[in-house]
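To begin, one chain is listed below as C-alpha cells, in the form predicted on its own.
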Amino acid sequence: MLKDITIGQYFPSSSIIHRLDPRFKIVITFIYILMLFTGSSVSSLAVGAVYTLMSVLLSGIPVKMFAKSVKPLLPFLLVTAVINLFLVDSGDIYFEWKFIKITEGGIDISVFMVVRIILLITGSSVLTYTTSPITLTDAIERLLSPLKKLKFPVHELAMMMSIALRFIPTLIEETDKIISAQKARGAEIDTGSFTTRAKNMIAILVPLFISSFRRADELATAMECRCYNGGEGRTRLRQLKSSPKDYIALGITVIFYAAAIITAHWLK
C-alpha cells in the first residue's frame, strides 16, 4: 500500500501541461476545485469529469499513476459512501430493515460524493505530477509576493511547502524500510485485533519520528553551511515567464467553469 502512494512525486516529460507556467497551473487548479464544488447536479460534475479526462490525457502521464494516487484513499471513500448511503433519507426506499434504510437519494449522494472526491484527487495530482517541487515553490512565492508588503513570510511558507512535498516520498520509503525491518525481527504488525495492531504501530512510529527529526536537523545544518538566509536577495536559475499557451489554458478552464455553473442552474 505504501508503494502506491504517489503524493509529491514529479514525472518529467515534455507534454503541453508540463510546459505551462506553474503560476498559471496553480490558478487553474484552484478554478478546477471551484468547478467541482459549483453545484450538486450530475451535469455540473460531468463537466468537471470531461475537463479532468482531458487534463490527464494531455499530461502524458500513464493513467495507472493517477489510479495509484486514488488507491490509498479507498478506505476513506468507502466510509464516505457508507455514511451518505445510510444517513441520507430521501426518494424511493429500496431496502429497509429496522433502523437501516437505503433510499434513492442515499445512493445518488454516495455515488456523487465518491466521484467528486476521485476527480478532486486526480485533477490535483496533475499539478504535482507535472511540476517539480522547486518550480512549484517559486510559483507559490510569486503568487503570494503582494503579501510581502504586509510583512508576511511568503518565502518561508513556500519553502516549507516545497520541503514537505519533497520529503513525502522519502518518508514513505523510510516507513516501508522500518516495517520490513520490524517484521524481520519478528514483529506482528498486520495480525491480531485492531487494538493489538494499533499498539504494534508504536514500533514503526517511534523510529520514523526519530528519523524525520534527524533528517530535519541535517537539512537545517546543510542550509546553514550554504549561508541560506531566506528569500532576500535570492536569485533564481529559471525565471518564470508566461506565454500565449498559458492564457489559452486559463481561458479554456474558465470556459469549463462557466459551463459547470450554467449546467448546475439550468440542468438540475
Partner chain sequence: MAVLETQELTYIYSAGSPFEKVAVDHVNLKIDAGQIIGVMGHTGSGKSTLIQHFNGLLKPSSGRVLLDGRDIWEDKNKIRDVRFQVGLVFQYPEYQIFEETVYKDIAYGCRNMGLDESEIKLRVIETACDIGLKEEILERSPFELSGGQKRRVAIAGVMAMRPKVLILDEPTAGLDPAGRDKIITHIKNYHRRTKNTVLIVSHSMEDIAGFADKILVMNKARLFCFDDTVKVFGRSEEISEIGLDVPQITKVFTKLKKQGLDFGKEVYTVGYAKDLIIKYLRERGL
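Residue numbers count along the first chain shown, from 1. Take the two forms, find the largest set of C-alpha atoms that superpose within 1.5 Å, and that set is the rigid core. What you see is a predicted model, and the numbers here were worked out from it, not measured in a lab.
Omitted from view is the form predicted in complex with its partner chain, to which the following refers.
- Remark: all three candidate residues (A181, E188 and R214) come within 4.5 Å of its partner chain in the predicted complex, counting heavy atoms only.
- Segments offered: 220-228, 25-33, 199-207, 42-50. Contacting its partner chain in the predicted complex at heavy atom distances within 4.5 Å is 199-207.
- For the chain shown alone, K64 is a contact residue for its partner chain in the predicted complex, at least one non-hydrogen atom being within 4.5 angstroms.
- Annotation: Cα of V206 displaced by at least 2 Å between this form and the one not shown, core superposition.
- When the rigid core is held fixed, the Cα atom of K68 travels less than 2 angstroms between this form and the one not shown.
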